[in-house]
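Read the single chain below, which is given as structure tokens and is the form predicted alone.
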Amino acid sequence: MSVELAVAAAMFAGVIAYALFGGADFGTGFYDLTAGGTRRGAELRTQVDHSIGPVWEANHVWLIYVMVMWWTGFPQAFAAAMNTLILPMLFALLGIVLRGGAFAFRKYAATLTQARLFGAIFATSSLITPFFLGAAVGAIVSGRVPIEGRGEVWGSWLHSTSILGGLLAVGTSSFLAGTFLVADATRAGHHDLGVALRMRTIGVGIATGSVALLGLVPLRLDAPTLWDGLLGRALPMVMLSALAGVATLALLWTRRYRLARITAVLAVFGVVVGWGLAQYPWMLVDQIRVVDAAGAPATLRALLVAVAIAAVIVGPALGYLYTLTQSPTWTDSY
């Protein structure tokens, strides 16, 4: 494997991690938003706070990692993407900032009105961020980000492929989050809440699968390069995602929540890896390939060394944090 592909693979590993860990984090916003009124939704919102409280800030390390790898390892492609996609990236950043502030302020709100306001901002921002990140991906895979000059600031992401990407990002995040919330609530002894979340998560899964299926029609016409890749090298991952999604629905229905978490992760993993394989070898589809977009070889080698050091130092700490939040001690604290 060439150094250019090694750096691209390391960067994409961060994309996968952010889609899984950050996705499960952002997806809780859907359940917070639809929890109901103050009394009716109190138990669910408490469960959301308990489930994501230790990790919601740590998950952004994956986004920072991807951005640093992208602008350092592939600066020309990064500049082109940010130049054209300034609006969706700005909206996504705004969502991250508002979400984090509202999540913290809701805990210390002086009045019920303030708590409701911060809660609404948190939940809405949790959906806004993945939508605009997915829309940005849709612009890239449909070939609307030119390597030279600036593409359409609005038109580059206001089209069928970007809207599909945004909806799928929100749907998969909500489905993944719901599966974990069901397991967390049931394990903590909140069985009624677990049942309610279970049915809602099944509904989200069916809706997301329907959007993905219907989205194949415009995708074939609007993003032919990606379409060819999906039917080619990425087809096994597409099939894995579909089978894992159906398995997750079945496991949720039969209340086998521990296994459902594994298959839900596999379903989202298949979606993200399938996208990456379908897009390869393009960094910006139909514009510039990965090997052509790469920076200086010395810089790329230094990046790989930094990744190796981070894997040794940061990786175990994050792994311990994620493991700790799933331990009986943490669950019993709720």
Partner chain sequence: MFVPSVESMLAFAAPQIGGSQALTSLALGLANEPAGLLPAREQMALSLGWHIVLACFGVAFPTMILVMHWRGVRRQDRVALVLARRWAKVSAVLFAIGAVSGTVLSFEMGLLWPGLMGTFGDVLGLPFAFEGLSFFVEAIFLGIYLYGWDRMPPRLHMLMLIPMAVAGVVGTFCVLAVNAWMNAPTGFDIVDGEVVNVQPWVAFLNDQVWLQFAHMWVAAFMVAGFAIASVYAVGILRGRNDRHHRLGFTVPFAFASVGAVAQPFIGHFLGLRVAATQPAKLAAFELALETESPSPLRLGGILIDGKVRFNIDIPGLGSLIARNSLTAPVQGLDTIPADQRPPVNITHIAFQSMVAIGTILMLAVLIYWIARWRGHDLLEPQTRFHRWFLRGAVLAAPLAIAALELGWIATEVGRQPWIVYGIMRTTEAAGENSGLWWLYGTTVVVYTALSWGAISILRSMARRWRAGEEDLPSPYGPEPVEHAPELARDEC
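If you're wondering where the values come from, they're calculated on a predicted model, not measured in any experiment. Positions refer to the first chain, counted from 1.
What comes next is about the form predicted together with its partner chain, which is not displayed.
Interface residue remark: A302 is counted as part of the site for its partner chain in the predicted bound form, having a heavy atom within 4.5 Å.
Proximity of H50 to its partner chain in the predicted bound form falls within the 4.5 Å heavy atom cutoff. The closest non-hydrogen atom of L318 lies within 4.5 Å of its partner chain in the predicted bound form. Interface residue remark: I288 is not counted as part of the site for its partner chain in the predicted bound form, having no heavy atom within 4.5 Å.
Contact annotation: its partner chain lies within 4.5 Å of heavy atoms from the stretch 108-116 in the predicted bound form, the single such stretch among 241-249, 108-116, 155-163, 194-202. Checked against its partner chain in the predicted bound form, the residues L93, L259, L235, A207 give one hit for a heavy atom within 4.5 Å, which is L93. This chain is drawn without its partner chain; in the predicted bound form, the residue among L266, L33, L277, A58 with a heavy atom within 4.5 Å of it is A58. Taking its partner chain as positioned in the predicted bound form, the residues of 295-319 that bring a heavy atom within 4.5 Å of it are, in sequence order, G295, A296, A298, T299, A302, L303, V305, A306, I309, A310, I313, V314, A317, L318.
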